[in-house]
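Read the single chain below, which is given as structure tokens and is the form predicted on its own.
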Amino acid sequence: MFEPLKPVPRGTRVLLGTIFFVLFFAAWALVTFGGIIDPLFLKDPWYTLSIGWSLFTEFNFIEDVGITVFRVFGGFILAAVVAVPLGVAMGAFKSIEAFFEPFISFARYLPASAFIPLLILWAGVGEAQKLSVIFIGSVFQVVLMVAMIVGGTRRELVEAAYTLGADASGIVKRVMLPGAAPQIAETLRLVLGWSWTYVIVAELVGASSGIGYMIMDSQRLLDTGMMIFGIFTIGVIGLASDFMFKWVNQKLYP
């Protein structure tokens, strides 16, 4: 069972993952119902579940969830549309990489949250500002990761394509892209997870809707149960989108 890199059967993986969640919630119940932690600082699981039910049935929380999902996927898609072609070009052609790489390497270290005051000044507090935060937080990372994947194409495949008469564009389309596509898809799946972090940052400032806004509103009410439910909601949606992305990747690249 503990042999390095030995595959684990699907049923065992599901069982082990389920056991962890059971232990997590059991520990949470123990420290809250047992009075180890003051309810002011951490509400119990039952209260958190009941307040979550109230959010959906009485306060139209589903609308906040929908708005946040739109922002995440909107910003992520914009970043992917820009980053993937640029990353492919940088990975394939070293002159393009030499032109863009210094700036992109510099920009990827700039925290997206630091741009929020400027983005509010430039775009206001509407959807453009929030989409821009997610775009800035994602685009530079994707560019460099895609460039590295495409640039790692085996040299002998490129030379074989040249021998068979392919030109530069043919090598990119028929050798580099097909070989890199599965890894690019996995990179996008990982970056989608990062986008959830950026959307909450965007919704903490100048927002009147969304899951992040609800969490901040709960903080003002000192309702830790509501805050935890909002965080769990993000986790559940993120996990569902991750499984969906993984399933699509497996279908496209079996």
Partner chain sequence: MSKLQIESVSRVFAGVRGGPPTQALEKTDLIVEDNDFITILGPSGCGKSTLLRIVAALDQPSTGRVLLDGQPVLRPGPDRGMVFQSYTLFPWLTVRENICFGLREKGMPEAGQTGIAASYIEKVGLRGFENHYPKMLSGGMQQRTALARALANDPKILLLDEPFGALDNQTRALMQELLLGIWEADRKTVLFVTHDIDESIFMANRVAVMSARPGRIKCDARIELPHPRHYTMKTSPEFSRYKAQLTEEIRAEAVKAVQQMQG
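In this text, all values refer to a predicted model and were calculated from it rather than measured experimentally. Numbering follows the first chain given and starts at 1.
In what follows, reference is made to the form predicted in complex with its partner chain, a form of this protein that is not presented.
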item: Distance check, Val81 to its partner chain in the model of the complex, heavy atom within 4.5 Å; value: no
item: Lys94: touches its partner chain in the model of the complex, heavy atom cutoff 4.5 angstroms; value: no
item: Distance check, Gly179 to its partner chain in the model of the complex, heavy atom within 4.5 Å; value: yes
item: Its partner chain contact at Pro254 in the model of the complex, heavy atom, 4.5 Å; value: yes
item: Listed residue that, although its partner chain is not shown, lies within 4.5 Å of it in the model of the complex (heavy atoms), from Tyr162, Trp122, Phe106, Phe99; value: Tyr162
item: Interface residue in the model of the complex among Ala89, Met148, Val175, Ile77, criterion: non-hydrogen atom within 4.5 angstroms of its partner chain; value: Val175
item: Answer range among 69-77, 127-135, 109-117, 165-173 for contact with its partner chain, defined in the model of the complex as heavy atoms within 4.5 Å; value: 165-173
item: Its partner chain in the model of the complex - contacting residues of 139-160, heavy atom within 4.5 Å; value: Arg154, Glu156, Leu157, Glu159, Ala160
